[in-house]
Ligand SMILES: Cc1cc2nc3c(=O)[nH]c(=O)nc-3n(C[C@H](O)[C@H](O)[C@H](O)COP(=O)(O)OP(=O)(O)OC[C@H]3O[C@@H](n4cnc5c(N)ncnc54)[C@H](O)[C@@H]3O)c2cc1C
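Encoded as structure tokens, the following chain is the form predicted on its own, with no partner shown.
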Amino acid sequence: MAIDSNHAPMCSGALSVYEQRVLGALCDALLPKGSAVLPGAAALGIAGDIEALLGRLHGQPRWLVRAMLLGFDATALLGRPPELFHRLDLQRRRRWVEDSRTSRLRPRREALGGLEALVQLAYASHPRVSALIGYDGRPLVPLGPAGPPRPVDLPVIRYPDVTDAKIVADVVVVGSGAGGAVAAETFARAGLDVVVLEEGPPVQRDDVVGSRPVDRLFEFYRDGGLTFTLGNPVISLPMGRAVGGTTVVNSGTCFRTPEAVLASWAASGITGVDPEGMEPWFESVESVLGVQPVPEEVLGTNGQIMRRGAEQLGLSGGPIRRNIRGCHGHGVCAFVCPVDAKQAMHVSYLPRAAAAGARVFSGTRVRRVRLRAGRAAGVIADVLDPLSGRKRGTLQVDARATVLAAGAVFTPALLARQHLAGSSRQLGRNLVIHPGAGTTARFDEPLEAWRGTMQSYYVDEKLADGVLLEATFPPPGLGYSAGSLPGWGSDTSLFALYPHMAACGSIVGDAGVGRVGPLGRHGVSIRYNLTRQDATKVLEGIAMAAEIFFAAGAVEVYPMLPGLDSIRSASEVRHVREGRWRPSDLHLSAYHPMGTARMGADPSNSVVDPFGSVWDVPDLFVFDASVLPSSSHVNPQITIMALVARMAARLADSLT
């Protein structure tokens, strides 16, 4: 059967009339009217809210959503009788949605999963729904009459203050995240003239206070958080796009690299990265960031639940070490701290760099590395309009040293686009992402687990096996919590159980089988297939989380596995471990891309040397997560920063 004959051309919004119909039909099927507790999607205009959010995106992510709408609408042609989804009556649409969740047709499951996440996000973020479930965004510890401290001063240059320009510096740093900010501060303190180029916008506290977490998602995440890997299964891989990089929107977790990992890197011939050699670099970074365990007063009920269960089972763990000063437990760490308690790069290293003379530019997308006689000599960048994203000028930076710190996805893509650093054939390969699953549990008592530090308590009992658990509870709609409730869409009364939920995420030390490459003029292709061994680790993380929750008194756990909506006792956890689950059955997200321009002692199997210098191109350096030789097994923020501090100090010495 042909696609809807009423298909209309694009209207002035983000979606065509046809796409609006499909989205409206899906919203109504997922969140029908008639609940005694919460309103349906139609009454709240959720489809319109989603379109408004999509209107803030450009290019690939919006096309992805449109493709999912078209694809899911067409899946109903497989039914009997064949018909487009949006033309079915409500009862048949709801039945088709339920059947799609366990369909053997992967594209059908994955299209529904992606669209359902958008619907959940918009629904839970609606002020009326937030109020009905009790979410008000208040911190766990009141700020007091003085309010938050004054914002940190960070001067940022952007359009229209810069259009077409040519500037000269000692060092140009591409990217302002964990790697780029540390490098810039090191160079500036050494007396070098430093220019930092960042594609994303500056983060102003005035723009954050009073805004919803969903608004910050679409403002400070790349593609509004709609970045995915292509493979089996499709995995969400959100990344920051802001002055300060992903540190602005991460959870602030600051684990040191496990000694066994450092020892393995040292054994491969990389000098100076053994535990003893890295100790002073860790100490230096932690001192700047104020790294400390989550204080008891902001641990929150989610952390307390996980601690209670872990201690009952005798499992190793503790409060997570974080880069915080004056945390009040707002619970929105991954959506920009509203009081700058989290010491992200825009309130820590970048202001220090600027105070020492570094110039920070935002809205500048680096197009290519400049070469002179085979040596790196700076970069060419497009100057972007912050409102439209359109190019408004060209910025050329001539520099003695060029440092790429755009992250493990965009650094290798930039190099590959120019056919640089490819002699070892390792560029863009060995992608590690730390895939993991979210597990939620329901308790009899109300927990309001969103109050307190968002990521609070860890269990590392099986870290040596590549499984790390972290108590993580995001704001409503912006994580896995509500979506894991069985049938939450068909009965919105289940969503009202949100205050009774606790949540835990897992991190898997994966094999590094992914690949990254350029796509089109500015895009990237991220390919990743979860191995069966890593899928087993994910399942073990789900099982461990379930056992911890039951030990803490949970009445039901939701493992997000097809055909296993919930488990109601510790004895039933065996179904998670014994089930014949495929990688495609898992609902995964990942946050830690690394390894795509790995360092090494041998230029035949690495992209950079032990100090980040690209083997193939003199005066070109990589100072970000790309250089990690293998999985860090823990959140890599401190690993990246300590390695870059070490590498940047060496480069600064050579330039002064």
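The numbering used is simple: start at 1 and walk along the sequence shown. As the structure is a computational prediction, the values presented were derived from the model and not from experiment.
Although not depicted, the form predicted together with this ligand is the subject of the following passage.
Of the candidates Asp73, Glu199, Glu185, Asp510, Glu199 is the one whose heavy atoms come within 4.5 Å of this ligand in the model of the complex; the others do not. A heavy atom within 4.5 Å of this ligand in the model of the complex is found for one listed residue only; from Tyr457, Tyr498, Phe85, Phe410, this is Phe410.
Per the 4.5 Å heavy atom criterion, this ligand in the model of the complex is contacted by stretch 624 to 632, the sole one of 602 to 610, 59 to 67, 624 to 632, 42 to 50. A residue is said to contact a partner when one of its heavy atoms sits within 4.5 Å of a partner heavy atom; Ile567 fails this definition for this ligand in the model of the complex, lying far away. Residue contact check for Gln304: none of its heavy atoms lie within 4.5 Å of this ligand in the model of the complex. Residue contact check for Ala406: one or more of its heavy atoms lie within 4.5 Å of this ligand in the model of the complex. Proximity of Thr364 to this ligand in the model of the complex falls within the 4.5 Å heavy atom cutoff. Contact residues in stretch 420 to 450 (any heavy atom within 4.5 Å of this ligand, taken in the model of the complex) are absent; none meets the cut-off.
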